[in-house]
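Listed next as structure tokens is one chain, alone, in the form predicted alone.
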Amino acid sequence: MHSFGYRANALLTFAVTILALMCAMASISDNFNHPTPSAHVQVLNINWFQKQPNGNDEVSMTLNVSADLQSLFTWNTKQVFVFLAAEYETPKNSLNQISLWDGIIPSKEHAKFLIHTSNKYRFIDQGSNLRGKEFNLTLHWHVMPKTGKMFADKIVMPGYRLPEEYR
């Protein structure tokens, strides 16, 4: 007959193979989920818009961020990292992205939210390019699964403009 070591090895190999197969099936099952998240951002106030002593523009805003990201969650979702970015063009750079707010959503129950906040991170442009500048607010998210590859997407909300004069 076979020894104890041989039987243990066969059982362990079979268990690891089944585990790998289940992980692959979990990863593949996420491809059948077609999420439909929604978001809306409202700029309530420009708290200040100033030129720093070094010549850079700085903006502070009060925002209402509402989103429904529940459709991003499946049984394989561990958490979702979400952040709001201001995106605009300057003569020097075709795309400038500045993160204004971020958060980690640990579960589907927390994925529908309304947040009233000032920008968490400083909105600074290197130079004086922000006066009268049009910009987009973009809600980005990264879905972190329990197993399989991470995926990211975004919702772009255009039509925002900064004041012509410093405040």
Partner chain sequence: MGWVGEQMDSIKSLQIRQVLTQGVSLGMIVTSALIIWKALMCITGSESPVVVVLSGSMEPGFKRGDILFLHMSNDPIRAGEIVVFNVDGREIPIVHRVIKVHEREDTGEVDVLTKGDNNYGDDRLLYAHGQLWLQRHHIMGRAVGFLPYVGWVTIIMTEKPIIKYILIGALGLLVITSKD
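Every value quoted in this text rests on a predicted model; they were computed, and no experiment measured them. Basically, rigid core = biggest C-alpha set you can superpose within 1.5 Å across the two forms. Positions refer to the first chain, counted from 1.
Heads up, the form predicted in complex with its partner chain isn't pictured, but that's what we're talking about next.
Of the listed positions (Q126, S38, N47, Q42), a single one reaches within 4.5 angstroms of its partner chain by any non-hydrogen atom in the predicted bound form, namely Q126. When contacts are judged by a 4.5 Å heavy atom cut-off, I98 counts as touching its partner chain in the predicted bound form.
At the 4.5 Å threshold, heavy atoms of S71 stay clear of its partner chain in the predicted bound form, well away from it. Residue contact check for I115: none of its heavy atoms lie within 4.5 Å of its partner chain in the predicted bound form.
Proximity of M144 to its partner chain in the predicted bound form: non-hydrogen atoms within 4.5 Å are present. In the predicted bound form, its partner chain lies within 4.5 angstroms of at least one heavy atom of each of the following residues of 59 to 83: K78, Q79, F81, F83, in sequence order. Core-aligned CA deviation for V16 between the shown form and the other one: 2 Å or greater.
With the core held fixed, the Cα of R161 is displaced between the shown form and the other one by less than 2 Å.
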